[in-house]
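In structure tokens, the next block holds one chain alone, the form predicted alone.
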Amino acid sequence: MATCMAQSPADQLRARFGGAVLAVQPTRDEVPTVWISGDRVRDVLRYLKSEIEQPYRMLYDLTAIDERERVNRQGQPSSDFTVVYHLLSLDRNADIRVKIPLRGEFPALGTITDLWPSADWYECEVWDMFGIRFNGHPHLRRILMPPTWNGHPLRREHPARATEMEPFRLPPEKEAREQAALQFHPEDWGMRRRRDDADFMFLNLGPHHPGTHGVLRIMLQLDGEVILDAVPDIGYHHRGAEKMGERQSWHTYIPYTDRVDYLGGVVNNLAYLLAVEKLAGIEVPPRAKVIRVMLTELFRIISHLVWYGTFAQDLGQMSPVFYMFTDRERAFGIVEAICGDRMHPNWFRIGGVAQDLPRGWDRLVRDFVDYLPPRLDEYDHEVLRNPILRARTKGVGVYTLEQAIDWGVTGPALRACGLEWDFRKKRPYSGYEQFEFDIPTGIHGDCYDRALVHVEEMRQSLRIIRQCLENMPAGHYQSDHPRATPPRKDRTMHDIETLITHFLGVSWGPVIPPGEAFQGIEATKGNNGYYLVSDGATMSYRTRIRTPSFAHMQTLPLVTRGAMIPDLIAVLGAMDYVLADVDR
């Protein structure tokens, strides 16, 4: 055992699978990246999940890359497409990236849905976006695009702008075809319409329903009021966020990240920028790090307040949502004073932040961190101690810790199962290692424990913000690295060469060296990560957004089978998702 643990994961794979290991790729993020032949991928992934010491039990992400126009492959195996499996070991606190090279215009690979149930949606997404088939998948289908869509949008030949496509038209025959494609056929999902003594009912919940918090459709198979199965239909909010990342420069893409989890604001910026800064080798100054942490935790509170109020509203309480939205407005006042905007401030930059803190920022922040704690105590009495809410949420929507890991659950939902796992503690970024705060956990993994964890996280965020307030470093708010954007203006007008350099840095943005990097952070709803591939240009070759809501929404059938219809609304409320975060 000691010898085995002394070997790197790549060496262990070589020793076990020999020639199936095609290459080991160095990356900017230093995540072990191993290329495996396609005919052995299931064996390798099974070994990594359950046989290796301290296994990689979570399928953290699964995506693909269209390699056909990529120039800088840096010794990687030749392929037209690459399927990328990102595994996470909670025991090791480490990741591994497994890549499969595929040749041909529409290649195929074996499914791993029998290893990880969460692979269902990920494999459907890869088929939908790239046209890569997964043989043996139980129901391979479009998942983000309409079922009648032509083409696969993340392939390089697919147009990226509406101006590159034919004008949209909806003649009557096309409308009829689209409507027919939206009809739900239970047999396609392995469901029966009846049994010997009764017929099952199929209820269409959404896509316009107040309990779904956006355009989400859920097809329910019911036996009376008992849910036998649920099929979430997502994609209504899909806007091609990853495709946009491949046609925008590195810094003009920042505003697009704001809109992914549209309640998280700058939290989305942080994950993306940390990945860009890894690729570029940029070190962020201490003052900028602390400013980022302060704004990130403020937006965590803003997002959680929205969740808290709407969660109570879903379960029948009206007053809390008005109180909590009022508190949210106070927090937005701080964001507006510092950033100049509210929900989508677009204020973080490559190498730092857009501006220094304005005069008087400390008074605004101090007033807020003094104001909110007693309000949270009041809400505890109104909401968490309400006997009706407790009856509606305790023992409802339960998954065990093993199920949560198997389905890729992260963030407050994972911690509600009893596991103290938080990227800010386990893998500190942006200086989080300098802050004192606790990681709240639950016990039962139900809706009520998820609520308890959310509420306590707001108190911990207030602790972090107070430390930022009392220990804000002096110095620059922007890196002096030449690839920081916008570049520092110290010598902009010194001569024409520096003026041109500054102009190009602002307009085109930096040229990022070829390479790959992933950065995951503890976002408002779970682990959010950006996996970026640079081909040595002013824009990304591949932008992959790993969102927590996509993984969490997939667990809906698991935690609602056998429940009642009102329980479904409680589960959705406690899940704390944003549909733009699901669909991107």
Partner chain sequence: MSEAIRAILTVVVVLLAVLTVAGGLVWVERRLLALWQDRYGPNRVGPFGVLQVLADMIKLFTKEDWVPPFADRAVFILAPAIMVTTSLLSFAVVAFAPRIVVADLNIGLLYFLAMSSLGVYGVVLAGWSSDNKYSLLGGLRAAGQMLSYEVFMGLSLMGVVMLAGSFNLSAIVEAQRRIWFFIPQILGLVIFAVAGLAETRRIPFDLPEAENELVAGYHAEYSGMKFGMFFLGEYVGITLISAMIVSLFFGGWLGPWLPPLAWFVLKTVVVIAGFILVRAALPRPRYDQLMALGWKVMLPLALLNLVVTGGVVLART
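Computed from a predicted structure; not experimentally measured. Numbering follows the first chain given and starts at 1.
The same protein also exists as the form predicted together with its partner chain; that form is not shown, yet it is the one meant from here on.
Remark: of stretches 404-412, 383-391, 255-263, 135-143, the one touching its partner chain in the predicted complex is 383-391 (heavy atom within 4.5 Å). With a 4.5 Å cutoff on heavy atoms, G206 counts as touching its partner chain in the predicted complex. In the predicted complex, at least one heavy atom of P210 sits within 4.5 Å of its partner chain. Within 4.5 Å of some heavy atom of its partner chain in the predicted complex lies at least one heavy atom of Y323. Taking non-hydrogen atoms only, A20 never approaches its partner chain to within 4.5 angstroms in the predicted complex. Interface residue among R287, R463, R155, R375 relative to its partner chain in the predicted complex, by the heavy atom within 4.5 Å criterion: R375. Taking a 4.5 Å heavy atom cutoff to its partner chain in the predicted complex, the contact residue among V396, I227, I282, V293 is V396.
Residues are counted as partner-facing when one of their heavy atoms sits within 4.5 Å of its partner chain in the predicted complex; in 293-324 these are Q313, D314, L315, G316, Q317, M318, S319, F322, Y323, in sequence order.
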